[in-house]
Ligand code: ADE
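Have a look below at one chain only, the form predicted alone, in structure tokens format.
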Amino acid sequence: MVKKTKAPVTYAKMKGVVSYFTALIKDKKFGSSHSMYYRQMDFLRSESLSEDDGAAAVCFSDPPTEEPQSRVSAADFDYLKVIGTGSFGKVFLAKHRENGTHYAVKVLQKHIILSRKEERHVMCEHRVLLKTLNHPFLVKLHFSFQTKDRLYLVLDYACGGELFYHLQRELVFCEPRARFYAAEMASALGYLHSLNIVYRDLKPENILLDSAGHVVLTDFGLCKEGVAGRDTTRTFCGTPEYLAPEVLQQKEYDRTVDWWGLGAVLHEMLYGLPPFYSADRFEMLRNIIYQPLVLKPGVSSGARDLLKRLLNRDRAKRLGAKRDLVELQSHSFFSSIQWDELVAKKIPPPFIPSLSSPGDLTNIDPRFTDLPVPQSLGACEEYGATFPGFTYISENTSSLSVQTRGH
């Protein structure tokens, strides 16, 4: 059995639902009449930010005229296929017209972002991408630019596809394969934590594989910056199957929510479903808070022990609460992992995607690639600066001849 995919819910629909659900949790009233609403939810996020997420107000107006604009533009790419979808737009496989390099280009619609008042989250993702350019298991940003109507993020194309896609086809992974992926994910999360960033949305759909079979963590839209050590935040956000109980109960939480998320993903890799899963979303959310963790046989004692420690409802006792990544690295489940070699990509991946070319789509879900590609994407639109500071050109992108100019 594999969990069903569902259409995401807009952030605005969550307004009031969080408080309603919390009241039900407190009163322990779980009437069946509410179940259908939660079956429709695949993505939870409060519409408005709590104070702890309310950084200084950002004014999204026209920038000073001296702000540089990249000569890299939407017209420099051929947009070949849709390879992903999201609340604000789509991700396209695109080929640079001059050098033939394939990229994943995330194209966001400004009017949707502005109408939902999500400017801060989009710019947070942009900032996190700029901070995490040097880690092997985090997606890299090569360029970012904007037109009057759209934002463009030009990223690595991870042609191995989503971990979720492979898990759907294979149902479960053998333990060595699950261990390898979990170790690379842990390394990426530990690096984010070292930058005082909490990821908050670990799930197989956000974990990609590159051409060699290594993990590429992507989608930083739910990240929270500035969370150092045992600092806390309390914004309600995430994806139902992987929500830590303290998030669901609207309590303060810290970086250990990411270790809960890792436990949930590891459970899914080993058992085929996330822990506490139910097709009835309301029942599942209740299970996360109240149901004891039951681990069926079929995996090693080390794996079961790791799952119990990661999925501890008491975040203060959860593995990683005191020394973060170091605690996970010391666990017996990872005893065969040489962490320095792992980060250097010297450990051969247990699965190498079958690929015929750099732009191969074999491992991309057809529900994406069958979608039409708008012909207007590559049009030379008027430059727009609704999002000041968005333009970026990677210093490592030496294969392109790019310049900046005053605008």
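Counting begins at 1, following the sequence as shown. Bear in mind that the values here come from a model prediction, so they are computed numbers and not experimental data.
Missing here is the form predicted in complex with ligand ADE; even so, the following discussion is about that form.
- Stretch 157 to 165 is the answer when you ask which of 190 to 198, 273 to 281, 157 to 165, 244 to 252 has residues with heavy atoms within 4.5 Å of ligand ADE in the model of the complex.
- For the candidate set 329, 312, 147, 218, a heavy atom within 4.5 Å of ligand ADE in the model of the complex is found for exactly one residue, namely 218.
- Interface residue among 74, 299, 91, 325, judged by heavy atoms within 4.5 Å of ligand ADE in the model of the complex: 91.
- The three residues 183, 262 and 306 each lack any heavy atom within 4.5 Å of ligand ADE in the model of the complex.
- The closest non-hydrogen atom of residue 172 lies beyond 4.5 Å of ligand ADE in the model of the complex.
- Taking the partner from the other structure, ligand ADE in the model of the complex has no heavy atom within 4.5 Å of any heavy atom of residue 321.
- In the model of the complex, at least one heavy atom of residue 104 sits within 4.5 Å of ligand ADE.
- Using a 4.5 angstroms limit between non-hydrogen atoms, residue 83 touches ligand ADE in the model of the complex.
- In the model of the complex, just one residue of 183 to 217 lies within 4.5 Å of ligand ADE by at least one heavy atom: 208.
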